[in-house]
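Here's a solo chain for you in structure tokens, the form predicted on its own.
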């Protein structure tokens, strides 16, 4: 099938973005790896796509002594090839390398994955465990939300009208921290049925995140899952992080 007709805009100025997104039926687009198949099937029929890739800083990767800043337009492939300090460099590469196939990873973006919050996606649960913060932007105004507040529910986030996810900030963990990651999928490259991630910092309680059809959430803040597969994934993530 082919998508329904739509208009297309691109801007290189953050201050112009809210007006473009205020048009009825307009939605922002990054890598479009999830959106385009939905449009081809006529599941989504936006009136206008507003490309974000030309916005200043949208694909930037920056490091400070305690923080890794990832522009929302950073692709899965970029993360797979290695960004950030150790141990984050290896952890992000491990997650990214398990997403679909390299052609998809070349286009798909970390920010797009978070903004969609598909329960089958890898980044929401992994970055939730890693204490990430979402940087949201409306024109020139910014606000920051811990990822557990940004990810409201399946396919639902805390983005306000006219606002976009501009970047993700990941605190640099201690060198002796451990990270565990696993997912349950019917085959290599397929969407995950459930996934789990865990960050273990010595002297602190383990930070465990899980994802199921209900979306990504922290545990034990959330009730223990009834799904035995999800409970098993949690156990595997804990074991991998503490091995």
Partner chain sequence: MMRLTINGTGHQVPAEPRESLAHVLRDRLGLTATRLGCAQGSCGACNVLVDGSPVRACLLPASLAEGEDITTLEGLRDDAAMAALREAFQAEHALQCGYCTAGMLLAARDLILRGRAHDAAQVRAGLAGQLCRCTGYDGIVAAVQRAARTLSR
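Positions refer to the first chain, counted from 1. Computed from a predicted model, the values in this text were never measured in an experiment.
Only in words, not in the display: the form predicted in complex with its partner chain, which the text now covers.
In the predicted complex, residue 188 approaches its partner chain with a heavy atom inside 4.5 Å. Residue 53 belongs to the set of residues with a heavy atom inside 4.5 Å of its partner chain in the predicted complex. Interface residue remark: residue 102 is counted as part of the site for its partner chain in the predicted complex, having a heavy atom within 4.5 Å.
Remark: residue 32 counts among the residues lining its partner chain in the predicted complex, judged by a heavy atom distance of 4.5 Å or less. Listed stretches are 199 to 207, 63 to 71, 170 to 178, 23 to 31; the contact stretch with its partner chain in the predicted complex is 23 to 31, by a heavy atom cutoff of 4.5 Å. 81 is the sole member of 149, 81, 142, 86 with a non-hydrogen atom within 4.5 Å of its partner chain in the predicted complex. Scanning 8 to 47 for heavy atoms within 4.5 Å of its partner chain in the predicted complex gives 8, 10, 29, 30, 31, 32, 33, 36, 37, 40, 41, 42 in sequence order.
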